[in-house]
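One chain comes next, on its own, written as structure tokens: the form predicted on its own.
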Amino acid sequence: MEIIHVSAECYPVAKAGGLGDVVGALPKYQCKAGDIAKVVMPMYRTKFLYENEWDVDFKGSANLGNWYFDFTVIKERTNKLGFDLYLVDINGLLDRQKIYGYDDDAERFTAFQIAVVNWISNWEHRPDIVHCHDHHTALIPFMMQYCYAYQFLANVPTVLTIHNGQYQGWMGWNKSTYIPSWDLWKRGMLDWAGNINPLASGVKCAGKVTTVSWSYMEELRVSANGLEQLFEYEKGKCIGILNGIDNEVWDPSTDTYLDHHFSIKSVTKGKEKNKEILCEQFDLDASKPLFVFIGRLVGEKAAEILPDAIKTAIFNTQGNASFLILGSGDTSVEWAFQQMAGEFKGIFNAVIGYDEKLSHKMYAGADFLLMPSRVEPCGLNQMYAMRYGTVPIVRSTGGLKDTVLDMGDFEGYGIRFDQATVHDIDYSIGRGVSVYQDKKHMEWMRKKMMSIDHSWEGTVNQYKEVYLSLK
């Protein structure tokens, strides 16, 4: 099958979160399984763009309302990511360094989608599947079916994967002219609550809708930022497929970012060596259990309660635990962590920003990973942590609920709690400190986690079944 993935992100080209990781891995493993998977995304001005070689694949032009624009599609020359990678360039819209956060994001991503559909409609053949990811590409199923210029693609099956349903790409109806001439009788396929809602349109128009975990699929029917009724109505074509992780990138026995490699058999000594280096770098005591947080400092991750929760845990454990933070986001949370680094020297430290190499070192050297997320459609960090023998401490939501079994349950290997509160996080840290003292139990938990297969191979087969159901 020829599968075209359309996305705003793809690691290592441009990544802001889990979406980038998924789109950077899923196509690679689909190609390994014998299919032809391709990725098309905007041509942001990133390091990856300038460090690789490209060929021009297509030049075209289109309209965004009254604005006429030219676009260029380029292809990465060497297939270095394991799949064909295409970038769409539109001067004035996509030629920027950041992925999101601009006032004209609605125009940027609508023009991107128009260019993609225009490009595919000029092929001499039709792809087997067009697979869209999140709201930035969710207007494509509508365009393929109801825009007059693209009727050549009307019978091509489409799949929409929702990585985060909180973001939906709302636009006022005054921007309806952005979409190339379309069947006005299909206005209802764009509308939700009086606005154009790209995500809602994608749910209505795509042949199948997937989410990135089983529990998140259920949660969207009761909490979807206004789309609950839609997900309930369309539940017959919706399916949860748990994300995988790239075991070639995330492998403690070969990870080039690590100073000491280890496997399941050598996990205890291997983690000790990595922990010693990490704690020396950040002035922490390697004899104490090390708790880390890696991620965005935003409300979805319950980041604003972490400073108080960690302070409470420091006092309640009488300083018998160490904490290390890697992340950025809410400036007030960043400031609080910076203050704590000075207040709790030798116990707490923080790096504001993101560092891929450091994140790998933290997964390898930490004993516990904190993930108190309010919303976590799938979550990859807990899977990375388990791959490196680090116990995830997670809130029971979305993919965290599906992938982490509490140590109080039969053969449980993680720590779960119910509410994103200071009390629940503090209590869970206390449980971690207690189990850390039981070296044999900790070693068993580490080996149990590392033996779980979260690779992409099984996930690829599930997507193949979805694709075949549309043929």
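The numbering used is simple: start at 1 and walk along the sequence shown. Keep in mind that this is a model prediction, so the values were computed, not measured.
Below, we turn to the form predicted together with a small molecule, even though it does not appear here.
Shown without its partner, this chain lists 234, 218, 355, 248 as candidates; in the model of the complex, only 355 has a non-hydrogen atom within 4.5 angstroms of the small molecule.
The listed set 380, 324, 278, 74 contains one residue whose heavy atoms approach the small molecule in the model of the complex to within 4.5 Å, identified as 380. Just one listed stretch, out of 83 to 91, 220 to 228, 359 to 367, 278 to 286, contacts the small molecule in the model of the complex at the 4.5 Å heavy atom level, and that stretch is 359 to 367. The closest heavy atom approach of residue 295 to the small molecule in the model of the complex falls within 4.5 Å. At a distance threshold of 4.5 angstroms between non-hydrogen atoms, residue 15 is in contact with the small molecule in the model of the complex. Although the partner is absent here, residue 109 sits far enough away that none of its heavy atoms falls within 4.5 Å of the small molecule in the model of the complex. At the 4.5 Å threshold, heavy atoms of residue 337 stay clear of the small molecule in the model of the complex, well away from it.
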